[in-house]
Ligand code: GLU
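Presented below, as C-alpha cells, is a lone chain in the form predicted alone.
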Amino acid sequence: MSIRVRFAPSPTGFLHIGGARTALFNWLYARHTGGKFILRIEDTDAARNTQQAVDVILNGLRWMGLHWDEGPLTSDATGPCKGDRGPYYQSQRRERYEQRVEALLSHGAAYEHEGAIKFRMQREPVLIHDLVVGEVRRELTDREQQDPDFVIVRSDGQPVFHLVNVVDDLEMGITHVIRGEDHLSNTAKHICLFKAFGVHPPKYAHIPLILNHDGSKMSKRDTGASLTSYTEEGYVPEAVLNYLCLLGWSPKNNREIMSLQEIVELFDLPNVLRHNARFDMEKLKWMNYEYTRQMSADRFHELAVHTFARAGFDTNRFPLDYVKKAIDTCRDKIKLFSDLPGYAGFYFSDEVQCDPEAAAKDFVAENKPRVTRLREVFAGLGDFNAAELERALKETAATLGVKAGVLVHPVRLACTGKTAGPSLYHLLEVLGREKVLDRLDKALQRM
C-alpha cells in the first residue's frame, strides 16, 4: 500500500505552532515510508478565510522546507513551491461535495431538515483503532442519544467540515490521517461517513497537544504560538524542525540534535508519545544556537545577509569580502539572527549612533588626549590587523600609565556605538584604517 497523508489547515489566521508540528509529522511519515504528502486548504468558510492567511500557511511550510508532492499546476512557473504546484482548495471542489451529498440522500443515509441536510448517525458505539491513542470506544452522549444525527450541509447550502473532510480524504486516497488529539472527538462521525460511502476509513493517528511550559493550553496569544514569530525573530528553520519533532515524538536513543535525514529515517508512528508535550522556549533557543554554531560559513552568511536586509541594511553597497569578514566576527556570538542588526549593524552604517549613557561615561575630556595619542599610533601602523592593533593599544596604554580598558571602551564606542559586540581588534581590522580613524575623529569632537 502506498502511504498518502495530508495537512489540511483552515486559513483563518496565522499558522499555529501546533499546526506546523502536524504538518511536519505528516511530511516525516510520508518521507519515511516513501509515500506522498498532500496539502489541502480547507477554505469553504468564505466569511472567515483570507488570501493573506493562505499565504501565511504556504510561506510557513516553504520556510520549514515541507514541500508537498502533488496539486494543481499554478500559473506562476517560477514560484518557490517545488514542482510549481499549488495546494488543493476545497472552495474549488464544491461540485464534488454536492454529488456526494446526493448519493447519501439517495441511499437514505442523509435527509433534509429545516433547510439543512443531516447525516443519519449510527446509534451503536463506534470503535476507533487509533495508532497513537489506542482503542477508543466512542459512546453517544446523553444529549446525542436524543438526536445523534448531525448537519453536513447548512441551510445556506454551505457544506460543513465533517462532510468535506471525509469526501476529500476519500477521493484523494488518504491512507493515514495524522492530526491533533483535539480532533479525536470528530473521528467517530468521520468513520460513519466513510462507511456510508461504502469504503473503509483511513487509519487514524491523533498526536498529543502542545502545551505551554506551565502545562496550560497554548492559545493564539501565547509566546511562540505563531510560526511567523520564528521567521521574524531569526530562528534557523532546521532548528525549529528539530525541536518540533521532539514535541510528542521520541527516537528512543536520548538524542536531541539530529539532521533532517536522520529524523526521516527514525520517524515512525509507534514512536509518537501518548502524553501532551510542553513547549520550552529556552530549550528551543539553546537548540537554535547549536545549529547556528555548527552551520557552514556559507549558510551563516546567507541567513545573516537576509537578516540585515530585513532590518534595512543594504550589504550590497559593500565589497563581498568585507561583508563576509564582518559577518564572520559574529559567529558563535549570537543566539538568534534577529540579534545581528543590533549587534553588528555598525559595519554597514555610514554614521554611528552612540549609546548616550556610555558616551557620557567614556567621551569625557580626560580621555581626549589618550584617544588622540592612540589615533596617531593607529594611523602610523604598517599592518592594520588584529594582532598589531592589540599590541599597539596595549603598548599605548602602558606608555600613558593607564589600563588597556581605559582606551578599549571609548574606541569600541566610537567605532560601533555600543559597549559590547564582536572582538574589538578583529572588528577594527574589518572596518579598516580609514573608517576607524574617521570614527575616532568624530568621537574626539564630542570629548
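Every value quoted in this text rests on a predicted model; they were computed, and no experiment measured them. We number the residues from 1 along the sequence you see.
What comes next is about the form predicted together with ligand GLU, which is not displayed.
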Pick from 159 to 167, 110 to 118, 97 to 105, 130 to 138: which stretch has non-hydrogen atoms within 4.5 Å of ligand GLU in the predicted bound form? 159 to 167
With ligand GLU left out of view, which of 325, 183, 203, 373 would have a heavy atom within 4.5 Å of it in the predicted bound form? 183
Residue 9 near ligand GLU in the predicted bound form, any heavy atom under 4.5 Å? yes
4.5 angstroms heavy atom contact with ligand GLU in the predicted bound form for residue 179: yes
Find out whether any non-hydrogen atom of residue 42 is located within 4.5 angstroms of ligand GLU in the predicted bound form, and reply yes or no. yes
